[in-house]
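Quick setup: one chain, the form predicted on its own, written in structure tokens, and binding and motion questions come after.
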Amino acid sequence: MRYPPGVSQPDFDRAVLEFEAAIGSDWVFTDEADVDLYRDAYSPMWGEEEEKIPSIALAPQSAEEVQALMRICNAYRIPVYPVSTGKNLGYGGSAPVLNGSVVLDLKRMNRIIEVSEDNAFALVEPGVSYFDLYNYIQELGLDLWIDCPDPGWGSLIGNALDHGVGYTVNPYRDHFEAHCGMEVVLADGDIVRTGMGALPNAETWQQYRWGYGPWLDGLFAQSNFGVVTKMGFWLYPAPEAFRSGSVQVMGYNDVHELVRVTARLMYSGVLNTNAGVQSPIQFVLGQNPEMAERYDRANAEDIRILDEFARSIDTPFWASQFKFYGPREIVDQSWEYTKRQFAHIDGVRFTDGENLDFPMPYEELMQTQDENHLGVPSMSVFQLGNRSNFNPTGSNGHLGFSPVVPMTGEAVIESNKVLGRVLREMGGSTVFNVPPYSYHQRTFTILVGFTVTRDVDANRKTREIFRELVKVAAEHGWGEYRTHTAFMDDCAQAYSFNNNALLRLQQRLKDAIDPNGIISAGRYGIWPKHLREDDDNA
């Protein structure tokens, strides 16, 4: 059996006995083969001394059992790392930030406590996955949609607390934005309900998020201040129709107007979904060194030649795809209105996409271009990196570098060049590159997926490149919105205004809420006082 850092063997052995008394010995996993299942399958440190591996794992079934376990851990000062289902692949999985921590696996807490069709909300526990809630809604025939991220096996609560996102309309696609009310167990075992949940017998816990007094929900997202055991989510009333369409522009500088109009349509509510900016010409430039060099330099003469080149091969320089959900009349008119807003751009082209009416049989939904955009969870994202004719060696997973950039044409061009230059100069091996995309409102997010292998040298090189990207992005004013556990300290340090004032405040909150520092030490760069390298920052 491995032992947590800073805990004596006799104390830990006594704690294990108390864990078994609290939740049953069947749910206290101490066997090495069982515990190894909680390693990060996509770890960029696999097989190295730095790889994070837990000591044991605990699997409670109720909030009351979580309370009991937290009291034991607090008494013995045992570091504990809560996970909802542990499916956070690409961002650390179920492995702790602090090596040797006890994993608190909440997947047995999988009750769908309430779903209201009339008021369009759900109240769930951490072990409820997107598949679970989708199937529940379908079995009851409720006129509701969920919004889901790419892999449907993940937890609604876990994804929301990590600021995960999906693909339908606002506010549902930003999963923390769509939450309303939570129940939290603190380090000492006390239990708190936020928002209207603090009112005994509250009838609007999942409908009015603010409650009374300071709003505390944000303290428990991307942090280590408590263990969330229940959480409410707003659901999307099933729309009548969906349609999509793309806008393509032909010139290098047309990206500025393309993005400006897109932003205006989003801010005004005409577009209430996400959209991205792709560059179809980039696929061609990659095979033409001269044009690629001109694109990277982009003086006035280069731009003139690039525009002529794009016209000569009849390929748009930039393109955006838009989606519309709602009543059939509104969906159709929204697309027509959107096209009129771009009509003044010289040479602009419009292409109609999917045009669907609901409800649709599940079999037909699965034949659409992307089921996730229709609120249907799947596992199709794992095709990335799989062994195939295009990728005969396959991979052992990926990590995602995901900086947030402004929703401007200037940022689209600059981020493409700056990040691309780092990857070229350092020889970065990527499994996917998602261009600027508005996962969150009013900004673009870029996703760069790095291949993870079982080769130590290759993984070390990937970590070096990743850290350089964090640094370079920060120099340009772009920060990651979430990151893999291996890089949480790097990203926390990048948010360095006023000598890392934000991190120092987070540390003070940590010391007040969790004075023994037992919950998720190091998560998102927040370390308890006894583990900080520099206590002067406390």
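Keep in mind the model is a prediction, meaning the values are calculated, not measured. All residue numbers refer to positions in the sequence shown, first residue = 1.
Another form exists, predicted together with a small molecule; not displayed. Remarks below refer to it.
Only one of 224 to 232, 458 to 466, 318 to 326, 132 to 140 lies within 4.5 Å of the small molecule in the predicted complex by heavy atoms, and it is 224 to 232. Contact annotation for the candidate site: 85, 91 and 155 all lie close to the small molecule in the predicted complex (heavy atom within 4.5 Å). Although the partner is absent here, residue 149 sits close enough that one of its heavy atoms falls within 4.5 Å of the small molecule in the predicted complex. Though the partner is left out of this view, residue 243 does not reach within 4.5 Å of the small molecule in the predicted complex, counting heavy atoms only. In the predicted complex, no heavy atom of residue 73 sits within 4.5 Å of the small molecule. Though the partner is left out of this view, residue 126 does reach within 4.5 Å of the small molecule in the predicted complex, counting heavy atoms only.
Though the small molecule is absent from this view, in the predicted complex it lies within 4.5 Å of a heavy atom of just one residue from 205, 295, 81, 444, which is 81.
This chain lacks the partner; the member of 197, 251, 377, 164 within 4.5 angstroms of the small molecule in the predicted complex by a non-hydrogen atom is 164.
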